[in-house]
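Quick setup: one chain, the form predicted alone, written in structure tokens, and binding and motion questions come after.
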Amino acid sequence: MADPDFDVLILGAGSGGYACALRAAQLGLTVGLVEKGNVGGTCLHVGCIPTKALLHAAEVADQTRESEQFGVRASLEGIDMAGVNAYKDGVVQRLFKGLTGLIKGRGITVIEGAGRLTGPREVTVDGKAWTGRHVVLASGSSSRSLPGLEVDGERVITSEHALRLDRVPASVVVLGGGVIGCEFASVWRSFGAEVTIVEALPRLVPAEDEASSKALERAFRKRKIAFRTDTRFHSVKAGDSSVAVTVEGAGGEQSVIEADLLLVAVGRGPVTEGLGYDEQGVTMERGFVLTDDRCRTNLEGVYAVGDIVPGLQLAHRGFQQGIFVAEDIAGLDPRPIDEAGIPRVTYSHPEVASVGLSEADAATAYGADGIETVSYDLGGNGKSQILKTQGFVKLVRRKDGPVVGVHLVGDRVGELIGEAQLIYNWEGYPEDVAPLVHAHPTQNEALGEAHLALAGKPLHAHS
């Protein structure tokens, strides 16, 4: 095309969009970045970062409440939500300031306003058309609801509203037992609320290995977080000071749960409607943009990354896809991303983390007789004893082959997933990992012990 404005024109400055912009600029390409809100998108402003700040405040509350078991006399006087929100917002603002500085320093042109795809390589913002030799669609996602379930932002809320609450609710019904639902349930319980999770599928965090779900359910029961699985939402009646949520069990029986709030946490949907994708001929399915394994749409020179592409809706997935696309455009021929190799973490108390295949998926892929598993109890790990956390490391391998799945449950195990994803993505054999030295005492040792056991030489394990 003749003299475009940019080499790369990106619609959306969330994790996928800004990562693509930074890497493309680093590779010497001219970059235009269109964003109607703040750069950083959902993850930085109303997603990962503020949610994890709340979860850390919740951890501090729990540690204070339970301090006497460590010989420390402390008392929890209460939760100051104004203070919690100030801490949370401070974290977000520092990261936002750093990101805007990075973008400015790389010479990226930020185009403020709502963009719309108006040509094969054209995005129009507030009546002005911008062109790119390549266009990257990165418009992100928003909270979903259910048919007939109206979110009012007062009694019936989404995660975005929950992050702005100026009080701790006395009681909450959480609709959805996936990552978002379990994380908010965990926060509110730590802050002193009565919580009931309603999940339509047979178990909490249903995308995880069944053993991980069972372990989280045991921990939640111990924390007195109520949950109803195999239970569907039927209706809600919102009053001035409470909600009455009618749910339906697997047998069709109905019951009513009353609470201060209903959090709708049934997943996130792609933000693509009204953005011109359909009109320009981009292949879509249920609002998602379809791509090949190189993030290319059916239109020449048009890519898509992040939550609008079917698959895991994780910031680090979009981030990596953005880097991949920038390198692909620059001619570096990067290797396609293995979706199963993307680490997954639920930052509840306890945490659930995984990478690769569940035992069930591995059995489907390789046959029940073609896999081996081992679980190492964190009870045998010194640092976990010090932290007073329980859980496990579960490994799944192909028989006489590499590790194809790593599943962890316990406080802080999200910090272990880095080594786990290296093992999976480098197709490590238990025999390769077993000789590696893990510092003592750390929770990382649990990964080493599990691989020793799977390699046929268990050490701190009862026969």
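The model shown is predicted, which means the values in this text are computed figures rather than measured ones. From 1 onward, residues are counted along the sequence shown.
Heads up, the form predicted together with another copy of the chain isn't pictured, but that's what we're talking about next.
Contact with another copy of the chain in the predicted bound form, defined as a heavy atom within 4.5 Å, holds for exactly one of V39, I417, V46, L29, namely I417. Proximity to another copy of the chain in the predicted bound form, taken as a non-hydrogen atom within 4.5 angstroms, holds for one residue of G153, G252, G83, P202, which is G83.
Contact annotation: another copy of the chain lies within 4.5 Å of heavy atoms from the stretch 93-101 in the predicted bound form, the single such stretch among 112-120, 93-101, 131-139, 212-220.
The candidate site formed by R189, T246 and V266 is entirely out of contact with another copy of the chain in the predicted bound form, as no residue has a non-hydrogen atom within 4.5 angstroms of it. A residue is said to contact a partner when one of its heavy atoms sits within 4.5 Å of a partner heavy atom; S75 meets this definition for another copy of the chain in the predicted bound form. Residue contact check for G301: none of its heavy atoms lie within 4.5 Å of another copy of the chain in the predicted bound form.
Another copy of the chain in the predicted bound form is not approached by L9, whose heavy atoms all lie more than 4.5 angstroms from it. Although the partner is absent here, G178 is not a contact residue: none of its heavy atoms lies within 4.5 angstroms of another copy of the chain in the predicted bound form. In the predicted bound form, another copy of the chain lies within 4.5 angstroms of at least one heavy atom of each of the following residues of 299-316: A315, H316, in sequence order.
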